[in-house]
Every structure is written in structure tokens, then in C-alpha cells.
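There is one chain below, alone, in C-alpha cells, taken in the form predicted on its own.
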Amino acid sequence: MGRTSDAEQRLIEEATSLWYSRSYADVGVSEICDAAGVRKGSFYHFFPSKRDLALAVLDRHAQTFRERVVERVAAHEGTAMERLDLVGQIGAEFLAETAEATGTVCGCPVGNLAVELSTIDDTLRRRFDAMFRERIAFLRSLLDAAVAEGSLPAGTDTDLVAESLNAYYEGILAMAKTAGDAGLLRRLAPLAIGLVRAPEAAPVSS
């Protein structure tokens, strides 16, 4: 039973890595099985289809985000705005680490797959949307805390600002990938605080 579980995890790990450094379409089941050291026939014991493996990979990405970002930010003892700034710092660390490990700037692992697959598989599109909504809710919780602390005006539309921040981070990651510049997020992420505080970026309800 232990070997079975290990094989399943190896398939998820290899798919996660290969799809991130290349693409979903470019890496097929056979290559993933070879990289994981798992027979192709065994693959279908764990995953009825490539899409089912993709859903498992997305579960892994979601858990990684919770562990690497949400839990680390929650443990930080600074102000809400300092915790918000930490989100960008963690993202910049991840981008630099993966660029060093893979030799290329790969962008956002979830964003990459979302762009590639959302228009061709509605099941996956809904999963991507749910994952981004979870991230937006996390950012909104930080913004709500900043309002409570007085760092942002009462009445700030934290829903809209959180959506804007998520789009801002995703945009930077896409630009970093196309530019091959792992330092772009480190340079631009700190500006998110200024955008949050700007009246046009943080509208106040009437």
C-alpha cells in the first residue's frame, strides 16, 4: 500500500514540475510516467485521465500556496500592510528559486495552466476560478485588517482592491516569464502597497 501511494505522489510531483517548466500540452502521460518511474498502465489506476492528474496537481498547488504564503503571512507579527507586502516578497522568492532550479523564468504555475486550459476544459476552468477566488479572499482578509487598523480608509472596497491586487501580481508574473526576468516581481511587488493606498485603486463606498 505504501508503494502505491508513493507512485501516485511521484506522478503528481513530476507532472507539477514538467508542466510548470514547459506546458500541459507539451508533456504527455508517457513522459510523466517515465520521469516518475511508474508504468503507464499503473497511471490509469490512479488517474482515469490526464485531466484527473491535472486536478490533483492543482490541489497540490493550492496546498502549497496555503503553506508557503497564507501560513507564513499569518505567522508574521507585523501590521496588516506589512503582511500584505510580505505576499509579494514570498512570490519574488519563489520566482527566483524556481528560475535558479529550472534555468528559466516560468511565471505562475496556476496562471500558466489557466491561460492554456480554461478555454478548452470547463471543469478545469471552474477549478482555476475557485483557486483565484481563494487567493482574492485571502488578500481581502488582509485589506479588511488594514481597514480595521486604520491603515486604509473606512469604506474601502476591499473586494475590488483584492481582485485588482490578484490581477496585478498575475500580470507581473506573466511579464516576468515573457521577459525572462526573475527580478521583475521583486522590483514591482512593493508598488502594490502604493496602489492599494491610491484613491483610484482603493475606492471608498458612497
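Small disclaimer: the values here were computed from a predicted structure and weren't measured. For every residue, the number given is its place in the sequence shown, counted from 1.
There is also a form predicted in complex with a further copy of the same chain; it is not shown, and the following applies to it.
Asker: Considering non-hydrogen atoms and a 4.5 Å limit, which listed residue (S118, T79, Q89, T98) is close to a further copy of the same chain in the predicted bound form?
Answerer: Among S118, T79, Q89, T98, a heavy atom within 4.5 Å of a further copy of the same chain in the predicted bound form occurs only for S118.
Asker: Heavy atom within 4.5 Å of a further copy of the same chain in the predicted bound form: which of Y168, F46, F65, F138 fits that? Just give me the one.
Answerer: Result of the distance check: Y168.
Asker: Give a yes or no on whether each residue among A25, T104 and S164 has a heavy atom within 4.5 Å of a further copy of the same chain in the predicted bound form.
Answerer: Heavy-atom distance to a further copy of the same chain in the predicted bound form: all three under 4.5 Å.
Asker: Report yes if any heavy atom of A154 sits within 4.5 Å of a heavy atom of a further copy of the same chain in the predicted bound form; otherwise report no.
Answerer: A154 lies outside the contact set for a further copy of the same chain.
Asker: Test of understanding: in the predicted bound form, would V29 fall inside 4.5 Å of a further copy of the same chain by heavy atoms?
Answerer: It does not: once a further copy of the same chain is placed as it appears in the predicted bound form, V29 has no heavy atom within 4.5 Å of it.
Asker: Please run the contact check for I12 against a further copy of the same chain in the predicted bound form: heavy atoms, 4.5 angstroms, yes or no?
Answerer: I12 lies outside the contact set for a further copy of the same chain.
Asker: Report yes if any heavy atom of A114 sits within 4.5 Å of a heavy atom of a further copy of the same chain in the predicted bound form; otherwise report no.
Answerer: Answer yes; at least one heavy atom of A114 falls within 4.5 Å of a further copy of the same chain in the predicted bound form.
Asker: Which is the contacting stretch out of 154 to 162, 138 to 146, 54 to 62, 38 to 46, given heavy atoms within 4.5 Å of a further copy of the same chain in the predicted bound form?
Answerer: Looking at the partner contacts, the answer comes out as 154 to 162.
Asker: Only counting heavy atoms and a 4.5 Å limit, does any residue of 130 to 151 reach a further copy of the same chain in the predicted bound form, and if so which ones?
Answerer: Residues within 4.5 Å: F132, R133.
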